[in-house]
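One chain comes next, on its own, written out as structure tokens in the form predicted on its own.
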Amino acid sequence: MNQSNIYEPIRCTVDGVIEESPAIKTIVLIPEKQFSFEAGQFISMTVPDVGEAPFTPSSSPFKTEKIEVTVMKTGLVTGAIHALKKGDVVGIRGPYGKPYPLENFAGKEVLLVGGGVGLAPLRSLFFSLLHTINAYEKITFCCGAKTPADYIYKNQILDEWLRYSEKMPVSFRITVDKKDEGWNFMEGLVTTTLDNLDIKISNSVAVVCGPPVMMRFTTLKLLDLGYSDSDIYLSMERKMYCAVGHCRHCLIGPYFVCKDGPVFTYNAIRNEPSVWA
């Protein structure tokens, strides 16, 4: 935690707003105080006179002068965030929760599977993995979206990330549910990217993030492929109002998503009836 008062936000200035898709924007923030996080942790972002909501930063944890938060417009607070412009002031508090346990990924092939705005936490994780790329056997990043227009980070993925495979053990599988004439990659649900994987499952971990229905069917397919429950990591989302385990809105069975997560192994929560709620 970056400050003694866990409820007091750090003042941030909006440095830019990037329109990722018709419903998703990335907000670039400059904190007035030093702020750091680890991939997988989340923050609560406050819009003055409107409210606050939890988000997982989508930027690299190793670039602390700015923080990027990718937000889908779904309601009052997210609508206010989408209306922000350069120079506006917001607040952030945190970081909260447990990060991705990179020490458990060392020496293994890492499979990332993300859909829609679920690519945001995986982007931060991907940057972390690249920072210590020699610690892993290989990284396979499977990305999905409804249409090419809905793809977040599309230009970065196509113009920059795909080139990483030329010099690093990194590969991508990119799909959309429905393609258009200009789309030159796969068509189909993100689960189709898991067909014919060139991965040694016994020495691999999988990380999944996206809408609940996508996470559910991706997890089931990973199990069919031979992944163990304990090698599938899920980034869960709930209404984490307080972010510190007081309000109890984020419970999955006995677990507080805000404190015990948001990163869980499937083994930890597989028997909870509300896991895909």
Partner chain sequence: MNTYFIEKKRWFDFLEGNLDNYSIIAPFSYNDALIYEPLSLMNLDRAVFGIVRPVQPLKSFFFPFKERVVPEILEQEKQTVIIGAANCDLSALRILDSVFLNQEYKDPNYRARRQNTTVVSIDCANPLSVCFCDAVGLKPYPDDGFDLNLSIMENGFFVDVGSKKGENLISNKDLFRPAKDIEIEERNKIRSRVRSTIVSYNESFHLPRNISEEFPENFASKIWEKIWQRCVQCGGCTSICPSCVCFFLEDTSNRERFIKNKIYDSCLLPGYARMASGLSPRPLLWERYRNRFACKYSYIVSNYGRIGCTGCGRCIAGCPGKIDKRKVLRNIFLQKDEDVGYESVKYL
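Residue numbers count along the first chain shown, from 1. In this text, all values refer to a predicted model and were calculated from it rather than measured experimentally.
The same protein also exists as the form predicted together with the partner chain; that form is not shown, yet it is the one meant from here on.
Residue contact check for Phe264: none of its heavy atoms lie within 4.5 Å of the partner chain in the predicted bound form. Under a 4.5 angstroms non-hydrogen atom cutoff, the partner chain in the predicted bound form has Gly253 among its neighbouring residues. At the 4.5 Å threshold, heavy atoms of Leu194 stay clear of the partner chain in the predicted bound form, well away from it.
Not displayed here, the partner chain is approached by Arg238 to within 4.5 Å at the level of heavy atoms in the predicted bound form. For the residues Phe126, Tyr96, Tyr151, Tyr100, the 4.5 Å heavy atom test against the partner chain in the predicted bound form is passed only by Tyr96. The contact residue chosen from Ser60, Ser228, Thr46, Thr26 relative to the partner chain in the predicted bound form is Thr46, the criterion being a non-hydrogen atom within 4.5 angstroms. Heavy atoms within 4.5 Å of the partner chain in the predicted bound form are found in one stretch of 105 to 113, 72 to 80, 177 to 185, 152 to 160, which is 72 to 80. Annotated contacts: Gly210, Met215 and Arg270 are all free of the partner chain in the predicted bound form [non-hydrogen atom within 4.5 angstroms]. Along 229 to 248, a non-hydrogen atom within 4.5 Å of the partner chain in the predicted bound form is carried by Glu237, Arg238, Lys239, Tyr241, Cys242, Val244, Gly245, His246, Cys247, Arg248, in order along the sequence.
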